[in-house]
Structures are given as structure tokens and as C-alpha cells.
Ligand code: PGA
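Here's a solo chain for you in C-alpha cells, the form predicted alone.
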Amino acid sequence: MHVTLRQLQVFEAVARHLSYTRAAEELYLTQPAVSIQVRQLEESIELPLFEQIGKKIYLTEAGEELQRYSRRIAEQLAEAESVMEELKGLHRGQLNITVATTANYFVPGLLAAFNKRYHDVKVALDVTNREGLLKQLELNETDLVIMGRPPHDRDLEFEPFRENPLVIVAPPSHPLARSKRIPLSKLASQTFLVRERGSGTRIAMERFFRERGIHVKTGMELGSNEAVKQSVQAHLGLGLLSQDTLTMELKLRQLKILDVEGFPIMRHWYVVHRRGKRLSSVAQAFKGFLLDDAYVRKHKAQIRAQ
């Protein structure tokens, strides 16, 4: 069997997307070029890798087997590249980091501080939702992930590095805005604007109220923190958000954090990677920066003092 790395790369992209068009876009190739690479690979192994039913394509049994091998080969090549970069030292290399949408409010500041130490390191930052984060970890498509509360049923290594208080916000003119120690029972009559299903913030909110036997009404389902903040300002309901997302709105007095019993819900931000993953020198340095840097410890102290 004579197979080239390029053929495996093209096959893996088609298998992942189950689309020749999307694979071509990802690899900056034409669709006919992608089809030719896959056809040559099938001729080499003398087995069909895809079957078409209607307008959709599906992996054959041989395709599923080859997809597993192609992923392992891609991981080993990426590891080899990291080792080569390590030999060059920390002044070079690339950090691939994926963060939850909420974490993107503070991660750029951390990256800027890290870049002052290692200014020749290139950083590729991807921002996505919780589902996207877990998918990238599963496919080993990123070095490190920053997210809230990683699942315990997956083969992951994770450590907390920063507190993440969740608070309830309202417009400053809301009837509850000046109240102190608001009992949870008073929230039952309020409408809450919520993030999409699967959002870490929404999961934390639903768990908190469920454990306390409080049923809250939910109104609009929104796909971003910005949409929640704008809708709260428009008096469409209350919002539960990470305090990290509210710096500007609190400063401009566009939103008010309500003084509710049991709040804030204290969660944490975690730095996460696949268990057993061999981190590059750059990734190890950034992970250590998150866990040990004086800037982070100082920020933790400031949160506790609030």
C-alpha cells in the first residue's frame, strides 16, 4: 500500500466534514483536486472509503478505520513539529489556544502579558462555545483550552487558575436594583434571559436554582453574552453572567449587579488539555504562566476582596 501524507491529510478533512466542498475550502484546494486525492488513495488501498446516498456522503467501514489511523498520524506529526520547535527554544514556536466565548473578555490581556516575555511566539486564538471546545479537545486540534467546569467523564487534564463569579444583572432602574439581600423566592416572579442550551453559564444557572427548589421563568434564548447584556438593558428580563463580561457596563452604569442571597455563584476558569498530550515548550510555558504568574495571583486577590 503506497499512501502519501498529503492524501491522508485530504482524506481526513473530507472524513471530518463529510463534504468535499468544505474540505477543499479548509485546505485551500479546488474540489476536483480533493476528489482526485481521495480517488488515488482508494485506488492505492483497493477499497472504497466513502459511499454516497442521495446528496450526502458517508464513511465506509474501511473509511472509518483509516480515519482513526490518519488522526493518529496527524497527532504524531504535530508532536514531532513541537519537539523540533522545542529544540529551537522558547523564543520561537506557536501556541494554539481555544477559549470559551466568555473567557475571551480576559484572555487577550493574559496573552499580551505572556507575549511580552516571549515576543517571537506566534499565537493562534480560537473562540467558540462549549460544544466546540470539547470537539477540539476530542480531535486534538488545539494545544490548550480555557473553559469553565470541564466534564469529568472525558480523558482530560485540567487545573483551575482563576475565579469566575457568576452574578445576576438588571438595569439600574429595575425595582430590585436597590434592594439588599434579595431572597431567592423573589426571583420566581422574574423573567431570565438565558444563553443557548449547552452553555456553561446556563448549565450553572439551571443547576443552582434546581438544587434550591426554585423555578424561574425563562424568556429569550440568546447566543452571546453581548446579546444578553443588550436585552437586559432593554428591560426584557434579568441576566446571569460572568462578572468578567461586565467591566464596561458596570463602569458606565448601564447594568447593576443585584444583591441576591447565595450569589455570586463562584466557579473557576480551567486550563485544559487531553490527558497524556505532549505539550510543546510554548504550551507548557503558557500553562505555567496561567497557574503561577504573579499577575494572576494578584487578580485572584482582587476578586476575593470584592
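None of the values given here were measured: they were computed from a predicted structure. Note that residue numbering begins at 1 and tracks the sequence as displayed.
The same protein also exists as the form predicted together with the ligand; that form is not shown, yet it is the one meant from here on.
K.L.:
Would you mind picking out the stretch of 211-219, 151-159, 227-235, 126-134 that comes within 4.5 angstroms of the ligand in the predicted complex, counting non-hydrogen atoms?
P.N.:
One stretch meets the cut-off, namely 126-134.
K.L.:
Could you confirm whether Thr142 comes within 4.5 Å of the ligand in the predicted complex, counting heavy atoms only?
P.N.:
Outside the cut-off, so no.
K.L.:
Could you tell me if Thr101 has a non-hydrogen atom within 4.5 Å of the ligand in the predicted complex?
P.N.:
Yes, Thr101 sits close enough to the ligand in the predicted complex that at least one of its heavy atoms falls within 4.5 Å.
K.L.:
Using a 4.5 angstroms cut-off on non-hydrogen atoms, would Arg278 count as touching the ligand in the predicted complex?
P.N.:
Flag for Arg278 set to no.
K.L.:
Would Ser199 count as touching the ligand in the predicted complex under a 4.5 Å heavy atom rule?
P.N.:
Answer yes; at least one heavy atom of Ser199 falls within 4.5 Å of the ligand in the predicted complex.
K.L.:
Output the sequence-ordered list of residues from 161-187 with at least one heavy atom within 4.5 Å of the ligand in the predicted complex.
P.N.:
Heavy-atom contacts to the ligand in the predicted complex: only Asn164.
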